[in-house]
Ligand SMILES: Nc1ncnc2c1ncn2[C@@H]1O[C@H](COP(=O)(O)OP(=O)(O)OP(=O)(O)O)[C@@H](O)[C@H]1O
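What follows is one chain in structure tokens, specifically the form predicted on its own.
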């Protein structure tokens, strides 16, 4: 049975969809059979990041409401035979996700895929709850600013209260990805450090993604940054994906423009 990984944050605009796309690609490149599922109903953009927007015929709501079967809605990635994509509806709203239908869909996907990587909608309403309630693992995305970290902390509490595992007395494996970090701003005290974020959230670190202007062009081209061998962010996502698979890897050495920030390592379990 496959593992469900929900990528979430509580706050919009912190890089959930970008992380979902790159993690899904990274796991597929490692030989795992992966499906990226967009649950951001009405506001989808995972399709554009993956470069698959022109191939959508059916979506997850069509599957759950019986207008097509799952194989008709699944889109195979054009670069990696191990990667598939299940799009969100662009015309419905988050209320279209019904818990029992979501359960049936995800349980079916678990039979066919090693990893189901879910792009959770922003906010903490019903769409979010339907994205996290069956999660085996959660990647909590936070940018190093107070409002993002505060929202991430609230999301951690909700996962611990409302997931199926929590109701069974178990725990969703939660790890934080710190996105868009700028070493020079950390060094000058204008941005929270990795330690600052971890002290507040009190969950293990699995990824530190540096600010990278190439991500914008990669998104516009529909080419996840992980494919760019010369991108620092791409390398960070490659390492993040390998850590999910259990590899013990150092974090990237991040340097400020003036002075040395240091190697961020040993901060994850």
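Quick caveat, the model's predicted, so the values are computed rather than measured. Positions refer to the first chain, counted from 1.
Only in words, not in the display: the form predicted together with this ligand, which the text now covers.
Shown alone, this chain has one stretch from 23 to 31, 63 to 71, 240 to 248, 208 to 216 that lies within 4.5 Å of this ligand in the predicted complex by heavy atoms: 208 to 216.
When contacts are judged by a 4.5 Å heavy atom cut-off, residue 150 does not count as touching this ligand in the predicted complex. Using a 4.5 Å cutoff between non-hydrogen atoms, residue 180 counts as a contact of this ligand in the predicted complex. The closest heavy atom approach of residue 122 to this ligand in the predicted complex falls within 4.5 Å. Among residues of the shown chain, residue 254 is not one whose heavy atoms approach this ligand to within 4.5 Å in the predicted complex. Taking this ligand as positioned in the predicted complex, the residues of 7 to 36 that bring a heavy atom within 4.5 Å of it are, in sequence order, 12, 13, 14, 15, 16, 17, 18.
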